[in-house]
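Let's start with one chain on its own, the form predicted alone, as structure tokens.
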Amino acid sequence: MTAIKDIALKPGFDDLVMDSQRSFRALLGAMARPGNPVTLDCAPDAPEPMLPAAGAACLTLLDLDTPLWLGAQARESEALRRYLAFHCGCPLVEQPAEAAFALVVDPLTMPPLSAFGQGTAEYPDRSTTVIIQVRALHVEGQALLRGPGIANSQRFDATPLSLDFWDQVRANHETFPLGVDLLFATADRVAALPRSTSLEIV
């Protein structure tokens, strides 16, 4: 009985059409205003170790044509894999560079950003959007963001992150228009960091 319960399929959005539209607008708003956390009040009760806001992002963005790479902890969860297969139908890939999207549930053990798809000169949009689960988002953080969607500057941070994470983000921006886009997710909020955003540590 325990094994069956552990892999029981959790439901997706309560209202598939309305909630997916609300989630999409929230994610679009987050991408348009880098470093500005947005609340996702329609986030589903996703299977562990996926957080609800990350679940909402996956239900909104993933489909049959979006290959997904899972970090080790997510990959080990049969309940999570079944959830994504049923609700999204997205194919899973073995290598980060092959993914249109990636789900990282433990940012301290994630591959370097350079390991994900960077796009090409002809098709820079064919890069990976990396969804990173974190415990908290901060608007008074150590990273000072500048770029499209930011009037002057925006302070930002998330916890936990590896010690060299912001160095990787700086290197990612330097390859623009190539590079990955980042989407941070907590239990109920998301914040985006597109590759077009520059930063300095303060």
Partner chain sequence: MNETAPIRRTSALPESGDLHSDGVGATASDATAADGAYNFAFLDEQTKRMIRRALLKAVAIPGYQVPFASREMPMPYGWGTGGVQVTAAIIGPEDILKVIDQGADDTTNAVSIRQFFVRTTGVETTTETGDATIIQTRHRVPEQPLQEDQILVYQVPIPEPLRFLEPRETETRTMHALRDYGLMHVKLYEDIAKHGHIATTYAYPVLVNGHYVMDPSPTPKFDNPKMHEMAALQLFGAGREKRIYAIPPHTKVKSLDFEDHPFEVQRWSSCCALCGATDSFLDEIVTDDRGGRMFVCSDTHYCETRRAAGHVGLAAAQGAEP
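This one's a predicted model, so the numbers in the text were calculated from it and none came from an experiment. Positions refer to the first chain, counted from 1.
Same protein, other form: the form predicted together with its partner chain, not shown, and the subject of what follows.
For the candidate set Ala46, Leu27, Leu68, Ala143, a heavy atom within 4.5 Å of its partner chain in the predicted complex is found for exactly one residue, namely Leu27. Proximity to its partner chain in the predicted complex, defined as a heavy atom within 4.5 Å, singles out one entry of Leu51, Leu62, Leu40, Ala158, which is Leu62. Site residues Pro91, Ala171 and Leu199 are none of them in contact with its partner chain in the predicted complex, judged by any heavy atom within 4.5 Å. Of the heavy atoms in Ala151, some are within 4.5 Å of its partner chain in the predicted complex.
By the criterion of a heavy atom within 4.5 Å, Ala32 is counted among the residues contacting its partner chain in the predicted complex. Its partner chain is not shown here, and in the predicted complex it never comes within 4.5 Å of any heavy atom of Arg75. The closest non-hydrogen atom of Phe116 lies beyond 4.5 Å of its partner chain in the predicted complex. Residues of 10-47 placing a heavy atom within 4.5 Å of its partner chain in the predicted complex, in sequence order: Lys10, Pro11, Phe13, Asp14, Asp15, Leu16, Val17, Met18, Ser20, Gln21, Arg22, Phe24, Arg25, Leu27, Leu28, Met31, Ala32, Arg33.
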